[in-house]
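Okay, here we've got a single chain as structure tokens, the form predicted on its own, with questions on binding and movement later.
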Amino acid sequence: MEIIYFFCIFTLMNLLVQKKHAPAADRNKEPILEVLKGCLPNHGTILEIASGTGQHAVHFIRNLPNHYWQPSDPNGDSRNSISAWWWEVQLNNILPPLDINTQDDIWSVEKIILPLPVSSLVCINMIHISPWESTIGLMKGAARILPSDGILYLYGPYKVKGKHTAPSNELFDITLKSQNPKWGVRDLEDVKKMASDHGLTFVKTVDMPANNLSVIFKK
């Protein structure tokens, strides 16, 4: 019994060490949640692409009790952080994180059986910190996985008609490209065209804090 006890304590401590915290996720979680409540289907599994720390998964699913939340991230440290956040709340409707790289032809979620079928995809702050090929892969995956009327929700900074919406976004774009020339704030029109090319219809944008946008598509 003592061995089991100490093993559980060791496991918990190890998870807590791996838990990551992003201040931006705390700042934007409530505004994003309000938009999600107004656009997501009434039930189903929400597949989150590039979940990062796991903070969003925990916060959102607490407030979306009719759904399952399937987090994912190609980064192993991020998946460990997602598991650590889950350990604290142990919500039954958060599923174990998956290793998903949107550039893969088949995603791991397509190879498993979920409690409920995927009804929507959520992708927060990925498009500008990944190569354009990741956005192409995201749209291809959404076309494969989403049902008719399924929702794709995107969040982040965007240029509109080729222009930055704020000086801070322009500086952010320069910083991103200095880190990786394949990164950068994307033009919303390019994203909308890529979505349309894969059978997704643009629904609307919603202005968000800190010069970000929520962008909603429907299959």
Ligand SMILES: C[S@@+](CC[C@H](N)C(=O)[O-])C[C@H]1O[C@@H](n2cnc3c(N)ncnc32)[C@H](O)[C@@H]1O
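All residue numbers are counted from 1 along the displayed sequence. Bear in mind the structure is a predicted one, so any value in this text is a computation, not a measurement.
There is also a form predicted together with this ligand; it is not shown, and the following applies to it.
Although the partner is absent from this view, residue 91 stays clear of this ligand in the predicted complex, with no non-hydrogen atom inside 4.5 angstroms. For the chain shown alone, residue 44 is not a contact residue for this ligand in the predicted complex, no non-hydrogen atom being within 4.5 angstroms. Using a 4.5 angstroms threshold between heavy atoms, residue 103 counts as touching this ligand in the predicted complex. Proximity of residue 129 to this ligand in the predicted complex falls within the 4.5 Å heavy atom cutoff. Partner proximity in the predicted complex, defined as non-hydrogen atoms within 4.5 angstroms of this ligand, places exactly one of 109 to 117, 83 to 91, 67 to 75, 141 to 149 at the interface: 67 to 75. No residue in the set 159, 165 and 185 has a non-hydrogen atom no more than 4.5 Å from this ligand in the predicted complex.
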